[in-house]
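Quick setup: one chain, the form predicted alone, written in structure tokens, and binding and motion questions come after.
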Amino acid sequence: MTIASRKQKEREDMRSLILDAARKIFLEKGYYDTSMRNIAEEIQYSAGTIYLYFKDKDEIFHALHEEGFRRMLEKMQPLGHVSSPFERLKALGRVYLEFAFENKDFYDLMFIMQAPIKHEADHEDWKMGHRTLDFLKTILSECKIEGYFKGKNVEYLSFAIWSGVHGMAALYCRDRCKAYHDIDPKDLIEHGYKYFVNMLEKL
């Protein structure tokens, strides 16, 4: 390993250490009570060290969002091989829910935790988030070509579908499915999602 490649690896390792600590602090304290100082304390470095990698906590928060969307999109990409767009849509919902099950901390940061997501207003700063949403919109457009969702606006429809699946994911991540005492949460969502798909088929 060359000196340059070793330094690059060390930088990447430190960046990952900071992001892992930041994710933990954001989830424990919330966005507004998280600071560069308490992130630094978590990894036992000075706050000045953190500033060598990120200019402020907004940049750290954005980096965590981007990482979450990158992971989600990686799980979605194989669905491109599903020939039927409606079957792809059904599979997409399941992939989305699986991501929430397997990455509760990222899902909370991406979609539930209160924070000023000012990057959403700038498409260039929110590439991964927009690519993930565009994945859904493209599938819906292909569904319309095949005769599904006649007369439906893709923008409004994508929002309705995202909201429905997000609701299930959020209830799971925040342990609200336990309101159904005698049903396993994943079993509850599995059957609930089937009912949701049945409703989509009737649109």
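Residue numbers here begin at 1 and follow the sequence given. Just so it is clear, the model here is predicted, and its values are computed rather than measured.
Note that the form predicted in complex with the DNA isn't included here; everything after this is about it.
Only one of 135, 162, 148, 45 has a non-hydrogen atom within 4.5 angstroms of the DNA in the predicted bound form; which is it?
-> Exactly one residue meets the criterion: 45.
Which one of 28, 56, 155, 175 is close to the DNA in the predicted bound form, taking close to mean a heavy atom within 4.5 Å?
-> That would be 56.
If you check in the predicted bound form, is residue 70 within 4.5 Å of the DNA, heavy atoms only?
-> Residue 70: no contact with the DNA in the predicted bound form.
Mark residue 36 yes when one of its heavy atoms lies within 4.5 Å of a heavy atom of the DNA in the predicted bound form, and no otherwise.
-> Residue 36: contacts the DNA in the predicted bound form.
4.5 Å heavy atom contact, residue 141 and the DNA in the predicted bound form | Looking in the predicted bound form, residue contacts with the DNA do not include residue 141, since no heavy atom lies within 4.5 Å.
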